[in-house]
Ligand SMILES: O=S(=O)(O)c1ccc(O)c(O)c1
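Let's start with one chain on its own, the form predicted alone, as structure tokens.
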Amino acid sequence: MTTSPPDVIRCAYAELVVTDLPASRDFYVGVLGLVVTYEDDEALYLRAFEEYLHHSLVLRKGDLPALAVLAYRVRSAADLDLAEAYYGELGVRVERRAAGATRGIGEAVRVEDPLGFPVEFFHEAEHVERFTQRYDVHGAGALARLDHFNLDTPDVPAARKYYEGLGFRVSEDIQDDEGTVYAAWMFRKPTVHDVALTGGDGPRLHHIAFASHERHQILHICDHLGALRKSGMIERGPGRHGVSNAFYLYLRDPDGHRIELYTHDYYTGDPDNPVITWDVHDNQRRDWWGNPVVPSWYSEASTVLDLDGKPQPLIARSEAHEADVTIGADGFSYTTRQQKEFKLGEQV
């Protein structure tokens, strides 16, 4: 590449297509407590309590639940020109978008990236009230900010190389003794990740994640769903990840989009921050307490749209899937290499 990449600051917003906007509002506003910046009959623009840009999540009404775009904020308006030139040199589809093409967002560049995802880069955005100290409207499950995207992609090393070209660094990954890479976590802001790359058929959106400050806020949302008799929306957790050390909860929204609630990862901003590599057979990599990973967490993900709003075709992963090797505490994993786990039922 002869063109410099845009200077990405962080993951900034996602746009999801949903089929029932009132049901989605009940979930994202009524249960998760996100703040409504703007809404009409076609879309909801939402943000978390610490966020002062117009939105970090757009829910747009449509016929097919899907990911419409992932957006990264860049450091300056000049980075839009760099993005346009950089992706032009990569030979992928590039579109320049006028300010206001997305409500609250300034001029932007959208691309279909080499992994098949619709990605936007922007700098300017409308500022709105930051609710950090609006304790009068904070619920017990208050969410602070958008934290990361997690993407299903068939070739993790190739995806890692692409993101490294954008200046992202790896914090952690999962491999086996043969060198197969199952997942990688990459960052621009000084946390564990802005984007995770999960080995699987893709392009698909595995999840988006919002961060809270405390574990009890995540636990309250579990209780809230229980009180609504909607505990079936809890797919996995609560628990603590081995990778990232974060306390987590995975939910499925009314259309099946996966949302993670996430807290207590760690600082990665120093230039010599070490990469942590996990063995795919380590029983504590996905859940620090060794709890099993439900199969749907590996197999299901959201459809991805191209820039014309059409579903992207899937490319199958050719290497082993993590679910085929081990699923959490399934007995094929280990807590220590010296003592393999006993699999319930292996006497049959």
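Fair warning: this is a prediction, and the values are worked out from it, not measured in the lab. We number the residues from 1 along the sequence you see.
We do not show the form predicted together with this ligand, though everything after this point is about it.
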With the cut-off set at 4.5 Å between non-hydrogen atoms, does residue 217 touch this ligand in the model of the complex?
no
Would you please decide whether residue 236 lies within 4.5 angstroms of this ligand in the model of the complex, comparing each non-hydrogen atom pair?
yes
Does residue 49 make contact with this ligand in the model of the complex, using a 4.5 Å heavy atom cut-off?
no
Would you check, heavy atoms only and a 4.5 Å threshold, whether residue 54 touches this ligand in the model of the complex?
no
Candidate stretches 236-244, 219-227, 74-82, 124-132, one within 4.5 Å of this ligand in the model of the complex by heavy atom:
236-244
Option touching this ligand, based on a heavy atom within 4.5 Å in the model of the complex, out of 86, 168, 210, 250
250
By the heavy atom within 4.5 Å rule, which residue out of 163, 182, 117, 262 makes contact with this ligand in the model of the complex?
262
Could you list the residues in 275-294 that come within 4.5 Å of this ligand in the model of the complex, counting only heavy atoms and keeping sequence order?
285, 286
